[in-house]
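So this first bit is one chain, no partners, the form predicted on its own, shown in C-alpha cells.
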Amino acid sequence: MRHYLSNIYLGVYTALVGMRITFKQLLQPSVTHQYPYDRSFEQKKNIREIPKGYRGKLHNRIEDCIGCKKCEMICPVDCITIATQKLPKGERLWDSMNVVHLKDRTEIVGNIEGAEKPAPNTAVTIQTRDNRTVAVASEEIANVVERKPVIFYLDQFDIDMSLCMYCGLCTEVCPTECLIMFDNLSDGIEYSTFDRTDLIYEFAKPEMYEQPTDESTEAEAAD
C-alpha cells in the first residue's frame, strides 16, 4: 500500500515539476500572434533588420523593361511568363532609365543629365521619374547602368511567386536592372495569402503604349 501511494505521489510531483514553466507562463501576457490575421509583430523592435540584398518578392519596374526575355529564359522553374510584340524596324518607344549605384550600396533610378560616364571631380545631376532632381558627386558613384531602347510592346509580364525559388538569376541577367527582389519588410518579406492565384503578379501595362487622342492633345494645347 505504501509503495502504491508513493508511486501516485511521484507521478503527481513530476507532472507538476514538468508543468512549472507552463503554469508560470499562464500568468504572463500572451505572445502568440494569430498569423496571418494579426501582423502587429511587424512593428515590434525585436524584429531584426533585413540585410541589403535579401532575396524577397520579385518586382519589375515595367517602364524600364525592354522585353528581352532574358529573365524568362534563365528562370529554372519557369515562374516568369512574357509575351511581346516587336516594333517595326527602326522604331522605338523610349529609353530605359539609368540606374546609378553609389558606393554606400544605395542606388538612384533616373536619367543622368549629360554624359552617362561622368568625369572625375564633377557633380552629376539625375532626373528621377517623379520629377525630382538629385545631385551627387562623381566620386560617390560606383557604376552606372546605361540606358537601353525599348523596342517591344509588353502584352504580358507575369511572375508566379508560388513557383519562385529565390535564386536571383533573373535579376542578375536583367540588362536594365528593372527586375529586382525587394529587401524590405513591408514589400518583400510578407505577402502571404490564402489563394495561390493571388501570388501571380501581373506587371504589363498596356496603357503605357496608348497614344494620346486628338481631343486630349488639343485640350493640352489649349491649357
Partner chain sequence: MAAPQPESKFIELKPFSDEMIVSMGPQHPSTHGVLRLELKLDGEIVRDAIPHIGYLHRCFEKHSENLNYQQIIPFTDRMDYIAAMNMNWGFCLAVEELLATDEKKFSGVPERGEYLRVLIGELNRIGSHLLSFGTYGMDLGAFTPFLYAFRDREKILLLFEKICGARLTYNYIRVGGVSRDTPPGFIDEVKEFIDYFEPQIDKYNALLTANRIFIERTAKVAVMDTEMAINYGVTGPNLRGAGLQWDLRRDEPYSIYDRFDFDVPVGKDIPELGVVAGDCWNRYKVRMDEMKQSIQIIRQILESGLPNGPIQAEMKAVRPPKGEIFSRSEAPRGELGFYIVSDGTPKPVRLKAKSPCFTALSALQELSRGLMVADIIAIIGSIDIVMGEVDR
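Everything numeric here is computed off the predicted structure, so don't read it as measured data. Positions refer to the first chain, counted from 1.
There is another form of this protein, the form predicted in complex with the partner chain, and it is not shown here; the text below is about that form.
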Q: Spot the stretch among 150 to 158, 59 to 67, 23 to 31, 190 to 198 with residues whose non-hydrogen atoms come within 4.5 Å of the partner chain in the predicted bound form.
A: 23 to 31
Q.
Going by heavy atom distances of 4.5 angstroms or less, which of 117, 105, 86, 132 would be at the interface with the partner chain in the predicted bound form?
A. 105
Q) Is there any non-hydrogen atom of residue 137 lying within 4.5 Å of the partner chain in the predicted bound form? A) no
(Q) How about residue 123 - does it come within 4.5 Å of the partner chain in the predicted bound form, if we only consider non-hydrogen atoms? (A) no
Q) At the 4.5 Å heavy atom threshold, is residue 75 in contact with the partner chain in the predicted bound form? A) yes
Q | residue 185: touches the partner chain in the predicted bound form, heavy atom cutoff 4.5 angstroms | A | no
Q. Counting only heavy atoms, which residues in 144 to 173 are within 4.5 Å of the partner chain in the predicted bound form?
A. 165, 167, 169, 172
Q) By 3 Å or more, the Cα spacing of residue 54 and residue 33 differs in the predicted bound form; is it closer or farther than in this view? A) closer
